[in-house]
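Only one chain is included here, represented as structure tokens and corresponding to the form predicted alone.
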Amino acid sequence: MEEARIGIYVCWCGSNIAKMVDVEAVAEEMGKLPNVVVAKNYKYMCSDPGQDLIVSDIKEHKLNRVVVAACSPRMHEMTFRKALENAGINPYLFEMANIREHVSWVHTDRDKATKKSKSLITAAINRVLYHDPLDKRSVDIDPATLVLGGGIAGLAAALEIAGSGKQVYLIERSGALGGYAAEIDLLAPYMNSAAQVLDPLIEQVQNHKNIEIFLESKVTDISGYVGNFDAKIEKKGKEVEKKIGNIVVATGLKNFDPAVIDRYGYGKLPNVVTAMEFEKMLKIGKVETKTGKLPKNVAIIHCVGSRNPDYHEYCSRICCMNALKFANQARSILPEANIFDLYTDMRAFAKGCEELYTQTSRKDVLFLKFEKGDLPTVKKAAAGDDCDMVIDMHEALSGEDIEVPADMVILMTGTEAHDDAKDVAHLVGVSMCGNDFFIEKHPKLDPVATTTDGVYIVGNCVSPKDIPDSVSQAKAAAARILASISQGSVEVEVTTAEVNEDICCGCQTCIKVCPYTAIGYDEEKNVSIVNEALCKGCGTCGSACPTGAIRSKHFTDVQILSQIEGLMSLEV
């Protein structure tokens, strides 16, 4: 091993770190450690001048290792690796110590925070001594793309990619394109026709020469890796295989079934309807009770299945706006009716939505607030009452218990994951959160990519959202895919696992635990083998291997143990 010449750079992050850590004292002490040639502090290491400082020092002082103490590696590890590349040394001869999220942001004692920072940087110095240079690898990209889901997000992604002259295979499980949006009458907040927005989009997709549509179809198997996936598509018993380079998952969500909430009477009281059932009435322009009468009292209840710990704690986002839309439509169709809007919180946050809320409040719509833990109860009205039903509720603003008359109750049902969401997640190799939504690679910095390279998630399968947000995500994913296609190849993970065949016992434990199906088995040699194009270097196999035959590049035992030793070497 060549003699280590390490450069240490401590970031102020403006005042994010410097307000709680004495960065100058930290840099000064770290400069006294063995193998450290340069130790400096700078206000913004991630800035161009900060990166230029590293590049300059590498060349001037012949540095062959670099440690940056700053924010989370998820934010800027790639930034600093690129700086090392620009200076002519291998980017993996770098280590980052997180003294912002792990120190400054979570401590209130400046002296102790400074000492902890020194320990974390010492650990990074010890670790970087044992870093090996790793070579980048790339794979060719097949220009075809698979889109799962024919809703508005899937349609937008397919058109964007196909419009650039690339082949798209669009898979839809139902017999028609359009998804949820195809069942809607008008779109909030501007009350424009959903059909006028959606139908031209569907027509463009159906007539596009670069889009092959598979209706009433499903993908039964996906194998391979970024740029080189193989997909098996099943349609009416017949199976076809397609080669693709990237995958867009736009499978959407389904509506919550309110029958499980007994107090609302859905399925028992005939004039309690869901939002989608009311949409169907609006589409044919006929709002009436089951007996064919015009309702004199219409009640709209928010947050049915959403923002409720017994069902789903998350907000379904579109319900408030649809409720305001319904109130306006009901007022137009039933000008003499009493309209009641029973809400827990009014979330009118998108463009034009607060204005819709204000406009609705001026149309003789009575807004009544209930608390999340005190839901209204719908019951049949007593004989002789001038209404079909009565809603008992505690009105939070007045503090009074009241009865709301109703001839029709519209339940603003939330959305939830499809029943087969886990099967889809396993099929494409993505993770899920506790609500069975698909998890993005980074919620802020990479909101459409996943930890499986080449697989993108868009629209409501990620989380509930409205049409503009769904389309934005779809086009963002399309842009990422087109960028990779234009390059012709894409870099793949290099910090992968590798098998020492001399000590592998062939037990195949690693194959069972690998979350990326990246490990196979060589029957002739009786050893496991790693597909490096699929491997993400998560380390699961290495921790499960009973013989220690699997080594994770860049996370070797000696690197981790030396890091721990460095962490404990200073008195804190």
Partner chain sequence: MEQKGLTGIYFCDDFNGKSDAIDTAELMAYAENNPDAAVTWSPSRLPITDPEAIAAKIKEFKLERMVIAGDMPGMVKPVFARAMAAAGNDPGDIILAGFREYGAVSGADTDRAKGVIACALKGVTFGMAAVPEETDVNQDTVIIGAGIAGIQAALEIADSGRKVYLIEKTGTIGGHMAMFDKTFPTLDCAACILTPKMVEIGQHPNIELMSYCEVSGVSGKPGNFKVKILKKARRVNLSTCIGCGNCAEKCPGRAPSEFDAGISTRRAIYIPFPQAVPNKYLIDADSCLYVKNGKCGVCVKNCPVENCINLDEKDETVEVTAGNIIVATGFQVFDAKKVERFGYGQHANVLTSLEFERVVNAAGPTAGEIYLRTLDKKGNYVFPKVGTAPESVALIHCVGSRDENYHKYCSRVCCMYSLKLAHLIKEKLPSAKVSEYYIDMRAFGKGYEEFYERIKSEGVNIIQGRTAKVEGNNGKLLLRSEDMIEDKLIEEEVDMVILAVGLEPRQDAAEIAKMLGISQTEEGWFREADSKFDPVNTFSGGITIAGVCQGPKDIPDTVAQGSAAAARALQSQIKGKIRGNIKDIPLQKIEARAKELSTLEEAKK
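Nothing here was measured: the structure is a model prediction, and the numbers come from that model. Only the largest set of C-alpha atoms that superpose within 1.5 Å between the two forms is called the rigid core. Numbering follows the first chain given and starts at 1.
The protein also exists as the form predicted in complex with its partner chain; that form is not presented, and the subsequent description refers to it.
> Identify which of 215, 269, 396, 494 has a heavy atom within 4.5 Å of its partner chain in the predicted bound form; exactly one of them does.
So the residue touching its partner chain in the predicted bound form, by this definition, is 396.
> From the list 167, 122, 415, 328, which entry has a heavy atom within 4.5 Å of its partner chain in the predicted bound form?
That would be 328.
> So if I measure heavy atom distances to its partner chain in the predicted bound form, which of the stretches 250-258, 201-209, 234-242, 139-147 falls within 4.5 Å?
Stretch 201-209 is the one.
> Is residue 277 close to its partner chain in the predicted bound form, meaning a heavy atom pair under 4.5 Å apart or at it?
No, residue 277 stays farther than 4.5 Å from its partner chain in the predicted bound form.
> Decide whether residue 132 counts as a contact residue for its partner chain in the predicted bound form under a heavy atom distance cut-off of 4.5 Å.
Contact with its partner chain, no.
> Is there a heavy atom of residue 290 no more than 4.5 Å from a heavy atom of its partner chain in the predicted bound form?
The answer is no: residue 290 has no heavy atom within 4.5 Å of its partner chain.
> Quick check on residue 13: any heavy atom within 4.5 Å of its partner chain in the predicted bound form?
Residue 13: contacts its partner chain in the predicted bound form.
> Which of the residues spanning 455-478 lie within 4.5 Å of its partner chain in the predicted bound form, based on heavy atoms?
Counting only heavy atoms within 4.5 Å of its partner chain in the predicted bound form, the contacting residues of 455-478 are 462, 463, 467, 468, 469, 471, 472, 473, 475, 476, 478.
> With both forms fit on the core, has residue 96 moved 2 Å or more by CA between this form and the one not shown?
Passes the 2 Å threshold, so yes.
> Take the rigid core as the frame of reference and indicate whether the C-alpha of residue 136 shifts by 2 Å or more between this form and the one not shown.
Shift of 2 Å or more: yes.
> Quick one: once the rigid core is lined up, does residue 204 have its C-alpha move by 2 Å or more between this form and the one not shown?
The answer is no, as the C-alpha of residue 204 shifts between this form and the one not shown by less than 2 Å after core alignment.
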